[in-house]
Structures are given as structure tokens and as C-alpha cells.
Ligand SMILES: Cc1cc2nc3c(=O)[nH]c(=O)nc-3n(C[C@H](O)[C@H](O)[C@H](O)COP(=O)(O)OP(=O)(O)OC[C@H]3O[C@@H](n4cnc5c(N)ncnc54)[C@H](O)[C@@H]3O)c2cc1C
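Shown next as C-alpha cells: one chain only, the form predicted on its own.
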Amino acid sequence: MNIVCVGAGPAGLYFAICTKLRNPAHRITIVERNREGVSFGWGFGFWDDVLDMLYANDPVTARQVEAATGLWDGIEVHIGGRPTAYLGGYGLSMGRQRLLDILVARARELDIELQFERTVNDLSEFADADLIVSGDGINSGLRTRWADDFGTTVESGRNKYLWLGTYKVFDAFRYIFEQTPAGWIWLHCYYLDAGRSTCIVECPPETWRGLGFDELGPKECLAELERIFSKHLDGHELISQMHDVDTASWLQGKQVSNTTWYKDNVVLLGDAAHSTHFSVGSGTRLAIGDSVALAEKVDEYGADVTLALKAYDAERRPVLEDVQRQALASMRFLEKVPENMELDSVQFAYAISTRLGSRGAKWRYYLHLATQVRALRSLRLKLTAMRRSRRVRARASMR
């Protein structure tokens, strides 16, 4: 089969790898508009289930990803000068460029052709392709071109956010809320890799305009944010990837949905098919899951591309609908942060932990209260570390 993947992001690269491993006879070409080694974005947050999927499909890639993976342990909620509140949990992370480097190298090992600095303007360029995979991200040009056929809808968020980095190491995930004369503004911070952390700034549009971020250049914007969050950065600078523009690259939440993920022999993958708010940290997990599922269906149905794409759509859509529901709930919760600031730190932290839906069993609330006690919090972290260690040992048998 002749397969063309548009976009050399994690979704397209990993689909190509999984598909080539299942059938080395496939001819697979990946086309990317940017030059090699150029990436926008700081990194990925994920959980053990992503590493489990990687080991189940390609242990070679999985070993390299695991070796480059960072860890944050526990969640802290800081609200101005109020007492810190605590939540349990942990997460994994790694730099975006490091992940892409691993996947590109693996693709080349498998004789997958990569063409960088090539923009796709017309699919007639690939008239001989049996399958065209659109993995070109949330602003997918292919999806936009046939938005009516895919049934594309976009639900926009209200808040502004800015993705930054810092060399301040955050061992725990931190929510940091500060009140300014213009209103509330906050950080989502977690350890990334190699002594770096990710800091995502978020605020309502009123705060954003009131602080002048609609007019400030990148340097002035970072200086103001460093001043606001100085006591948490411990003298470390905030780092932006945008150095040659007049204004900082502020974004708004955007949830993309499609009523179908395929048209003829063109199929959507990863963020091109669906997107979720950054606050649920599911983008990488969903992209890898899409890649595996599509590779399995292509292998199962062979030359019958229509049946393969139909089966892929049917299998993945229920998974995505649930995650997108949770992501939308999280986005809307964060839009109401100023309204909930009358809660004390412990109650607000619990609201954060239950923002995705049902509050669940009552014992979870009592566990939350217990987590505020230092000795019990330490015990909870130790138990979490033990469970994580068992997961790591289980993966070791797959190496």
C-alpha cells in the first residue's frame, strides 16, 4: 500500500512507525512543511498508560521515550497568601522536540521517507496514494479545506493562555493563583525535562487587557509575568519561544470536533480530528491511541481502505467523546475561577480535582482532607510511588 502522512507530529510519525512494523512492504512517506528540528510548543504531559501503549507496539521507541521522561509528584494549589492545599497524583512529561527526534530517527530506521520543508497545497500531488493521513495538527489545512465534508465544529474558550518555560524545577504540579489590580491570573506549572519546567499562564480576557498584554511585546510581557509570580519562580526567568514577533503568542482554548474523520481515502488523525483543552493533558495520549488504532485497522482490512477507515472512526469516536466532554468541563471551570475565589484553599483544590464531572464517592473527599495533613500526605505519596514502581516493573518484562 502507498501511504502519505501530511504532518510530522507525534500522531503522523507514530502511525507510520506502527504501520510499517505491521507490514514492512508498505511504502510510507511523511510530508512536513517545517524544516527538520523546528518545533513549536514546550512538551507533553502524559501518564503510564501512554508508555504501556508504546511498549505494546514498539519497545524500541518506548525504551527511548521512557529514558527521556520526567516526573512530577503530587499537586499543590497556591492562592495568593493563603495556606497551600494539596492533591495526590503524579504525571510524566518530556520535551516536544526530544519526542519528535526519537520518532523521526525510528521512522528512518524503518525506511519511512521523510520530506521536510514541503507544503501540501493540492492532494493531486498524491494521486497514486492509497491512503492520505492528515496529521497536521489543530489548524489542519486539509481538514479546513473540507470542513463541510468532515462536519467540523469549533467550540472556543474565553480565557487567554500563554505557553512558556522556565529553568525553575517544579517537583510537584503547581496551580499558582495571584490577584492583580486587573483581576486574577494563574500558572499551571510542572516539571518537563533536563532541569526545565513548563509554565502555562492563564487569565480572563479582562485581566489580560487590564494588564496590557494585548499591547506588550514579548520581553515586556515576560517581565510583567515574572514580577507577578516572582515568589514562586525564585529568581528564574520565564522563557518564550517567540523572539521575532511584536506581541506574545497568547491563545484561546479551542475544541475541534468532526462528525466524521474520513473522506474518500483521506483520514484525520490526532489534533486534526479532535482537540482537547490543555488542562486535561490528553493530547499525546489520544494521538498515540489514534495512531495505534488506525495502524491496526489498516493491517486488518488491507487494501479495503474504506472499511479500515470506517472501523477506525467507529472505534475511536466513543473514546474521544468522553474525553472531550471532560475537557470542555475543565475549560469552563477555569473560566469561572474568579467566581470561586471565595472558597478557601482546601475547598477550591477539591473543586479543581472534581472539575471533570461527578464528585464520585464520598470517601474521596475525606481522602482529600487527610492529604492536607503532612504525615498522611507523605504516606499517600509513598503509596503512589509503590504503585508506580509496580507499573515500571511490569513494563520491564516487555523490553
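The first residue of the sequence shown is number 1, and the count goes up from there. Here the structure is a predicted model, which is why all the values come from computation and not from measurement.
Keep in mind the form predicted in complex with the ligand is missing from the figure; the text below concerns it.
The shortest heavy atom separation between Gly95 and the ligand in the model of the complex exceeds 4.5 Å. Phe177 falls outside the set of residues with a heavy atom inside 4.5 Å of the ligand in the model of the complex.
At a distance threshold of 4.5 angstroms between non-hydrogen atoms, Ala293 is out of contact with the ligand in the model of the complex. The closest heavy atom approach of Phe229 to the ligand in the model of the complex falls outside 4.5 Å. Though the ligand is absent from this view, in the model of the complex it lies within 4.5 Å of a heavy atom of just one residue from Ile28, Val65, Met331, Val31, which is Val31.
For the options Thr144, Thr306, Thr119, Thr259, the residue carrying a heavy atom within 4.5 angstroms of the ligand in the model of the complex is Thr119. With the ligand omitted here, the record of contacts in the model of the complex names 40 to 48 of 341 to 349, 362 to 370, 54 to 62, 40 to 48, defined by a heavy atom within 4.5 Å.
For the stretch 1 to 17, the set of residues having any non-hydrogen atom within 4.5 angstroms of the ligand in the model of the complex comprises Val6, Gly7, Ala8, Gly9, Pro10, Ala11, Gly12, in sequence order.
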